[in-house]
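We've got the same protein chain twice here, in two forms, each standing alone as structure tokens: structure 1 and structure 2.
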Structure 1
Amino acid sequence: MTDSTTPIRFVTGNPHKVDEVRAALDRPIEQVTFDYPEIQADTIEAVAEAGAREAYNHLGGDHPLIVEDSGLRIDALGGFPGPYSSYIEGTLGIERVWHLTEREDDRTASFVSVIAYIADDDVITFTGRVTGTIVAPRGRAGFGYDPIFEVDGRTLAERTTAEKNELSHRGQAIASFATWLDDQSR
């Protein structure tokens, strides 16, 4: 079921994530929208794994699939918005997240991405992380918090998709996943 021509379903409502995965993974990716419930758990890996199982059961286990869970953690704000990243983006908005952080001496933040892949009832997760600094919004590319997340002098919204993938949390999770997929097909 997992040869290199088998499409992998990507269960997400976020087309930007799909673009990033397609740009970095040499496999056909088919976006599927299904709003799987996100469980409360100690780790983002556990949340992604449960989401993958839920989606796999719901959609029928005839195609391998991935889900991806990500979030922003701002050190000076105790890891906020963390698991609430999506809600906070939609309610406060990123400009106000910048203003909440603006007066802090240390504006270090990190993005985490976990990809959970399920095929034949087995789930495996791949994690990527990037550390950066929260800045006033700059740039028009990307999505979400990209304009306020700076790495090496440029925000993620000031990079092409390929440039973002070279260093981003998701780019790193995809790279680990790609290596693992290659090993499987040997």
Structure 2
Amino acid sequence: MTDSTTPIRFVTGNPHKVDEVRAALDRPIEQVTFDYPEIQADTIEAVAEAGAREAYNHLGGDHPLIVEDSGLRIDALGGFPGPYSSYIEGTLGIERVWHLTEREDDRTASFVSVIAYIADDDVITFTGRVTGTIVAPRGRAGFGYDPIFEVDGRTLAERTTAEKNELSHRGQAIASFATWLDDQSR
């Protein structure tokens, strides 16, 4: 474990994710863009952990770092697309994902975010989850699966950014990581 003045590297190309982590943590966060190879695995946790190890080794292992991976899990489809969410969105699109589920009696789904933290070659993961229902696309805000993911009667694409962040799966994972990090420095 490093002290609270040692920067944590966040391996991502998304500066908005970095801002979210900086707002939650009381220590320096350094954005690092490194396109690590993403393994194919059955769990989001495995993908995040492998990404953290790959980035840590590539960057020399001299600073702790985090990576974040997320996905949509649809219960009626056995958790699919899960760790394949980005690929499925890009190849099938959200309309087809909706059509895969529209005749299902149970369209319960969850967005899952996993933060993998690595320091001294040890990886620890932190998970956030928000549960909702898959519906026909509605709304113009957000991105990705937001138009087909409904929580409490509204899709994420029908919410403002602030409303979406209040129930964010990534926000939950970050909060869990922040709590752990605070406990480690005591």
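By rigid core we mean the largest C-alpha set that fits within 1.5 Å across both forms. Quick caveat: nothing in here was measured; it's all calculated off a predicted structure. Structure 1 provides the reference sequence; residues are numbered from 1 along it.
Trainee: Quick check: structure 1 or structure 2 for the form predicted in complex with inosine 5'-triphosphate?
Mentor: Structure 1, which is the form predicted in complex with inosine 5'-triphosphate, differs in this respect from structure 2.
Trainee: Return yes or no for I118: a CA shift of at least 2 Å between structures 1 and 2, with the rigid core superposed?
Mentor: After core superposition, the C-alpha of I118 moves less than 2 Å between structures 1 and 2.
Trainee: Would N14 count as moving between structures 1 and 2, using a Cα shift of 2 angstroms or more after superposing the core as the test?
Mentor: Moves: no, less than 2 Å.
Trainee: Tell me, please, whether between structures 1 and 2 the C-alpha of A175 is shifted by 2 Å or more, with the rigid core used for superposition.
Mentor: Shift at A175: below 2 Å after core fit.
Trainee: How many angstrom apart are the two C-alpha positions of A141 between structures 1 and 2, if you fit on the rigid core?
Mentor: Value for A141 between structures 1 and 2: 8.3 Å of C-alpha shift.
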